[in-house]
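To begin, one chain is listed below as structure tokens, in the form predicted on its own.
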Amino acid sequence: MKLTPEQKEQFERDGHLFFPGLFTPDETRTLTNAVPELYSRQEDYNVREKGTNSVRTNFAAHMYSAPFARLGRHPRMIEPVEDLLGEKLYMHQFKINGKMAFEGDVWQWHQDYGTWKNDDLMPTERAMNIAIFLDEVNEFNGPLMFIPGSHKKGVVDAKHDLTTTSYPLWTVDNALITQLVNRAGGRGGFDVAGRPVQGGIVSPKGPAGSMILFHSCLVHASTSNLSPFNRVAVYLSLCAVSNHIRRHKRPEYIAHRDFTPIDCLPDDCLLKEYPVDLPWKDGVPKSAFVTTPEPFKMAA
């Protein structure tokens, strides 16, 4: 899937693109049906919400689940990012975020690249996120919120929040968020003719199967889910191969260490069972838990 010149211009301006209903119900169902069994596993790669058994984040499903391994090589997800970065990609991170009904907690305001830089020593922001809705996302179940154009600010100051939720993030303080939102349009509202005027926060919403592509420096967050509607989404964090991480401070199921370029499968790969490698199908190897706080050097 190639982006149009207009889409590239919009991405440069706003830092994100939204593709409502890009995947069909049958394609999406292939993924949705696989989630409950993955979430039921009592494994380190399933991070639970504080004080509950609800999964906040499932990591690395593409390493042990065939449907998600195929999604990780889907051309509708890989090709637009290759187009924007002008280079082959590797999978830096793969998550199935489960903002479950009544129990899904907040994700604080942050930039993903802030974490990748501070924790993983990723050299530059030549990486991007793709999100796929596995449930309908509406105004009630904790949709993503973006500050349009905030990616142009580059890497902003952040602090390591280890206490708010069960998953640590490098978060952006309220004063800077206020400044970025005001610069992007403030409160928004309606013009004199009653037409809506975009403010400094936008929130893509749509049916299951919708896709968002967003810049690794785009400042974003989401509120808790107090509704009776689940909001499960898959996130692929794709990095230019030349921009691979330089430190293994985190377990491999969180920050991957295989920098092999991704080769796409055919476009119907969610409807046909193309063969895929599942290196962790029998369990996560002990080596994936070994961490090194110092930078490493690639072999010549």
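Note that the coordinates shown come from a computational prediction; the quantities given were computed from them, not determined experimentally. In this text, residue numbers run from 1 along the sequence as written.
Below: the form predicted in complex with succinic acid, not depicted.
Succinic acid is not shown here, but in the predicted bound form it comes within 4.5 Å of a heavy atom of Asp112. In the predicted bound form, Trp107 approaches succinic acid with a heavy atom inside 4.5 Å. Residue contact with succinic acid in the predicted bound form: Lys95 places a heavy atom within 4.5 Å of it. Shown alone here, Asn230 lies farther than 4.5 Å from succinic acid in the predicted bound form, counting heavy atoms only. Though succinic acid is absent from this view, in the predicted bound form it lies within 4.5 Å of a heavy atom of just one residue from Tyr253, Tyr235, Tyr39, Tyr64, which is Tyr235. Note on contacts: among Ser222, Thr165, Thr171, Ser210, the single residue with a heavy atom within 4.5 Å of succinic acid in the predicted bound form is Ser222. The chain is drawn here without succinic acid; in the predicted bound form, the stretch among 214-222, 180-188, 78-86, 154-162 whose residues come within 4.5 Å of it by any heavy atom is 214-222. Although succinic acid is not shown here, in the predicted bound form the stretch 119-158 places heavy atoms of just one residue, Leu144, within 4.5 Å of it.
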